[in-house]
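Given next, in structure tokens, is a single chain: the form predicted on its own.
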């Protein structure tokens, strides 16, 4: 390992040590300290106007820019987040005491997303130190609420603030399909998340006295859920899949060439007895290009140890839909709400209450920002860049599309086994170093166009 690489690791360790857990009120001071740390890094590499953007009751955004390349050069907006998930579960080494093992750095936030924010900043630093300037104009917008809904950045992006003017966004919050395989994500599923509330009466009842006559809220909730999706995985909400845009023949052909073993995927990633899903679609299409409906939890009635023979009067089902190109969150929310009403059994009331939503995104690969990114990745990794979609949701991509009218280049360097949101999260150090190389080269190629 070179001295430069050792210095990079030392700086990243300092960043990862800050427990910027945005979901925990007791870490509010750490979140602010981390925001100040990011602002300091941005200023130290020569960016201008490094500042915290505040909003009452919210964690700060961090902004900086360098606009000296001139009006004839493109402006790119770097996005990332400095907040992290809680460090639950059993860790080999403490989550906020970064450790190096087997070519990886282990810490909460290592891959999601501090390590990838760090490589963005260091790519800019390399060019600034070498040339005293950048080949393109850049802006940075790093948030501290990605793990808790992103309300602050959503309002800021929607505000039309001139500091957001850009030609494309660069989002490093995705992963490579496999080690050493340069990957660009060009499609994301959107999401609608909420709860189905079911009520069958004013109070719980004794099942011996009233069983057979009184409606049961949990049974009703189960009937509603079964009416929404059949046991083969087909979503039964009327009109829900009508507008879905299928992947092109070229996309399907590209996915067929990806190094993928379904049995290994089942054993090592899903870790279950069998794969499920809509008949007629392969794993990639089911997870990348088809909408889903999943139940995340049901509460109601008696759930303690022992027995209590009650007929519950209310139940709550936590549920989400993943959306794909051709769908919108507003229409999907309405369709689900109507389907819940239609499936509501006799003697109960039910309604769907949406919590949050994000639109699906599909980026064309024939624009210069994607093309130059693929070229830079190919040069650095020595292999052709592959295009994939992701089954997950990154709400900021939809917001950039909706409010700024710019494409997002999802140029991620994580790996599928990086344990995001889980114990022993890691970031592969080779990807950190190659990521800096690729990002710096990308900016050069954009500036030379």
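Here, rigid core means the biggest group of C-alpha atoms that superpose within 1.5 Å across both forms. Bear in mind that the values here come from a model prediction, so they are computed numbers and not experimental data. Numbering follows the first chain given and starts at 1.
Unshown form predicted together with a small molecule; subsequent notes refer to it.
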| property | result |
| --- | --- |
| Residue 392: touches the small molecule in the predicted bound form, heavy atom cutoff 4.5 angstroms | yes |
| Any non-hydrogen atom of residue 380 within 4.5 angstroms of the small molecule in the predicted bound form | no |
| The small molecule contact in the predicted bound form: residue 191, any heavy atom under 4.5 Å | yes |
| Heavy atom of residue 137 within 4.5 Å of the small molecule in the predicted bound form | no |
| Contacting member of 154, 175, 167, 125, with respect to the small molecule in the predicted bound form [4.5 Å, heavy atom] | 175 |
| Single option in 308, 356, 318, 334 placed near the small molecule in the predicted bound form, where near means a heavy atom within 4.5 Å | 356 |
| Candidate stretches 261 to 269, 204 to 212, 144 to 152, 237 to 245, one within 4.5 Å of the small molecule in the predicted bound form by heavy atom | 144 to 152 |
| Residue 193 C-alpha relocation of at least 2 Å between this form and the one not shown, rigid core basis | yes |
| Per-residue C-alpha change between this form and the one not shown, residue 131, threshold 2 Å, rigid core fit | no |
| Core-superposed comparison between this form and the one not shown, residue 269 Cα displacement 2 Å or beyond | yes |
